[in-house]
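Take a look at this one chain, the form predicted alone, written out in structure tokens.
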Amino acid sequence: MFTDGDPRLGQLLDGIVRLAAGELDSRIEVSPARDELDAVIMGTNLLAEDLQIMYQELEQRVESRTRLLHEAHREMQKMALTDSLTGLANRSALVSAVNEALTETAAGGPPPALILLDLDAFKGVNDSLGHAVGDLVLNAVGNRIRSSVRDTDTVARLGGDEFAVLMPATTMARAATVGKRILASLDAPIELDHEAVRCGASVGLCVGDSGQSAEQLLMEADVAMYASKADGRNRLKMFEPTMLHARQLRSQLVDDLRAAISGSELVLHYQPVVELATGRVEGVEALLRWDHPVRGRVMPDEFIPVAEDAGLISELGGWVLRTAVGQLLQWRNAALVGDDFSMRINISPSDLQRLEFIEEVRDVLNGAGISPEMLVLELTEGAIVRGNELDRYSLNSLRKLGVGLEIDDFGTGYSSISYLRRLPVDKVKVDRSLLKDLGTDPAQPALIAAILQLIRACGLEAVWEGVETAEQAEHLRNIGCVSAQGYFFGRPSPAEELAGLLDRQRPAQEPG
């Protein structure tokens, strides 16, 4: 037995106090007596050892869990700054890098340059080959851009088919060299399984300055990029302050066009399509004009691209369809035209991508009580040839509806007879460029005759546009061409003037 004066009691009490204070490596010395008090001391030491082991294991688990949490946090940060498709930086990462580069410039360092590029033909890739192929193309484009720049440059995908390159501490000349290198890398076709895709780009470039924000630099690069698109695509444009004014004018033009569609500023002029053998006006082409209250007459080649970029082209096309068919109804009700007369309107390739377009055409015709055969829709050759399955479905649906289909501007694009044989079209409008050298180029008559024979060999009929002289009209008549259009027969004019022309020819249409 042990007594109250046993010094081991004090040692045991001290040891327990140390353990309670967290000194798990402390131990109490066991005496040689090996009595009951020593047994308590040994038990306390064993408990301390177990607690020490448990604490060490807990520390290891906490350390491991903390490390995992840090790794997960870094991964989340990386994901938040990385484009999930290409693995490039995203917009947030780019803005952060631009701000950092501009901060260094404000401290006296060299300025950064920003390159912004947008693929010129990517929508066609997605539409014709599918989004899976589109994703492969975007990855390939990202890799080509990355291989064209320095390791210190930041390559980002901003979304869709828009990419950016930040070059810190550089000059305009060096940045322009890199931009041209990127353009050259994208000029070569991208080889995929059973497909070779070519995707050029429009590139805008600007150099930063102290006091600028990332948003300002991105805006200037964006302005330069859109100037590149407007200048013909697949080229590089450096930002100039005058571009900002052009951008503001374009933005104002979009607002004005939106108001014009819902207002009364748009007007259709009509150009005759003539039967060469008789001189009879067999139809007209509806040509859109915009009478702007401030700018005056605005021609389609100026505002149609704006409408396409702003997503207004279908709304604009709907206005043309309704107005032209309405005019056709007025002429028919006035007995100025018969059922063999045709109204030709130009439609956008984007209309063929809208399944509701077929219903819109049907509804307009039914609402006016106009036979579908009296409406002819014109599309450019390139738009039809490059079309995808949805385009072909729309064309076939329109043909089943009874609407006439005509290739416009034949001779400026593919001009492939093999395509002509497969396309669901009725007529081919031959571009004016193939007629202009008639009378000056000795080889031109044979070329014109060959084109007419090839079109007819495909089961189609030709309409020749750009006829400006009696000699041209006579030559086309002599080789058997049926229809023609051009200034020789009449310029585009308002509906009232066309009504007078139709009225004057009416006796020739009606017996006795």
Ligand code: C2E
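Nothing here was measured: the structure is a model prediction, and the numbers come from that model. Just count from 1 along the sequence shown to find any residue number.
This protein has a second form, the form predicted together with the named molecule, left out of what is shown; the following refers to that one.
K.L.:
Sort through 282-290, 86-94, 142-150, 171-179 and report the only stretch with a non-hydrogen atom within 4.5 Å of the named molecule in the predicted bound form.
P.N.:
The contacting stretch is 282-290.
K.L.:
Taking the named molecule in the predicted bound form as the reference, which of E378, D161, D391, D222 has a non-hydrogen atom within 4.5 Å?
P.N.:
Flagged contact: E378.
K.L.:
Just to confirm, with a 4.5 Å cut-off on non-hydrogen atoms, which of A230, V320, V254, L401 contacts the named molecule in the predicted bound form?
P.N.:
Selected option: V320.
K.L.:
Please tell me whether any heavy atom belonging to E191 falls inside 4.5 Å of a heavy atom of the named molecule, as the geometry stands in the predicted bound form.
P.N.:
So E191 does not count as contacting the named molecule.
K.L.:
Even though the partner isn't displayed, in the predicted bound form is P300 close enough to the named molecule, meaning a heavy atom within 4.5 Å?
P.N.:
P300: contacts the named molecule in the predicted bound form.
K.L.:
Is the gap between V467 and the named molecule in the predicted bound form 4.5 Å or less for some heavy atom pair?
P.N.:
Heavy-atom contact with the named molecule at 4.5 Å: present for V467.
K.L.:
Just checking whether G15 would be counted as a contact of the named molecule in the predicted bound form - the rule being heavy atoms within 4.5 angstroms.
P.N.:
Contact check for G15: no, nothing within 4.5 Å of the named molecule in the predicted bound form.
K.L.:
Should the three residues I115, Q212 and E240 be counted as contacting the named molecule in the predicted bound form, with contact defined as a heavy atom within 4.5 Å for each?
P.N.:
Checked in the predicted bound form: no contact with the named molecule for any of the three.
K.L.:
Can you name the residues of 257-277 that have a non-hydrogen atom within 4.5 angstroms of the named molecule in the predicted bound form?
P.N.:
Residue within 4.5 Å: Q271 only.
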